[in-house]
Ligand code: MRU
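A single chain comes next, written as structure tokens; it is the form predicted alone.
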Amino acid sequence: MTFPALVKNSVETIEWTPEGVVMIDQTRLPREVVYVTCRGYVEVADAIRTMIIRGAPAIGVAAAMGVAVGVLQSRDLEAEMPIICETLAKTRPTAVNLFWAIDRMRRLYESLRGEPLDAIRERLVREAQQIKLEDIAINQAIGANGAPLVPDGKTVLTHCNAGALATAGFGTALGVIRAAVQAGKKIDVFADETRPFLQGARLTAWELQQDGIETTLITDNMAGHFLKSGRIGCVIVGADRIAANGDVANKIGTYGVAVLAKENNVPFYVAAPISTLDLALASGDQIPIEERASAEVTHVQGVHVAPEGIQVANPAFDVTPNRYVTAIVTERGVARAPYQESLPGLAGKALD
């Protein structure tokens, strides 16, 4: 397929510079817009681990750039390349884009063995930059494929942040919303707050506000009320990993939204690039789920809100079974059930 022309982003998530990998610090939004510079691959790994940068596609781009900056600084690439890749791979276990990007950089390095070191460095830096450009174009193609699914004159509900901040630009779920608005559809957005890290409240609401798209923030436990009201025309979310059967891992709370959507006959769409597919996994039961620090639950923006010593569970993701997924929107088209047939077909579809 032919990607649409790149559109300038209102938010610059991540950038390669001579000083290092520059990324917006998403932990400080929306109160402050601060950019940090990671001058080594360990700093990039720390930024991914601490969620300075987050969102599956953005993590993939960051990992590729982390490999590139590590290669630039390496004095013994043969010995250090596995360490660089392993350090980045250990940051977060659920988003498959992380491993996809590292593997792409590793395979390119393997193909360049025997070349002069400067040539290897140059090629890997170019590859990381190319992954970013491809991601933006892919997101815009997802938007173009998903926009026709958005009903005109209705509200769209989204959970977590799957926008420009979660990608190299434009976004997956928010990319569909942006494309629908650009197509002239009269829509507004309900953004779930997305406890406990508040990506919806802090990031999605801020990002859509920057674009002038009418947005209403709701708490997570309001979703059922509004889905029942008839106001919401569809739900659109992103994904961190999609199994071969169409089971979808996404931010914790997504499963509940999907069940409520089905109960109220509201379409539930997932927007994600082909790189988010993990066709080696038969079902979502095999997707590893990251468990994050208890302080994310016991504290809100640094304020302690729970009893001292209380036991905490904090899975960062849940898995939505495929029976709740109306369609999966990718850059190569829209997949529908049975996903065991439609997803491999899109994954193997050649790009023009």
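From 1 onward, residues are counted along the sequence shown. As the structure is a prediction and not an experimental result, all values here were calculated from the model.
In what follows, reference is made to the form predicted in complex with the named molecule, a form of this protein that is not presented.
Contact annotation: of the candidates R92, K132, R104, R178, the single residue with a non-hydrogen atom within 4.5 angstroms of the named molecule in the predicted bound form is R92. Put simply, A162 is close to the named molecule in the predicted bound form: some heavy atom of it is within 4.5 Å.
The closest heavy atom approach of G55 to the named molecule in the predicted bound form falls within 4.5 Å. Not displayed here, the named molecule is approached by M51 to within 4.5 Å at the level of heavy atoms in the predicted bound form. With a 4.5 Å cutoff on heavy atoms, Y41 does not count as touching the named molecule in the predicted bound form; it lies far away. Of the stretches 55-63, 321-329, 303-311, 31-39, only 55-63 has residues with a heavy atom within 4.5 Å of the named molecule in the predicted bound form.
Along 289-321, a non-hydrogen atom within 4.5 Å of the named molecule in the predicted bound form is carried only by F317.
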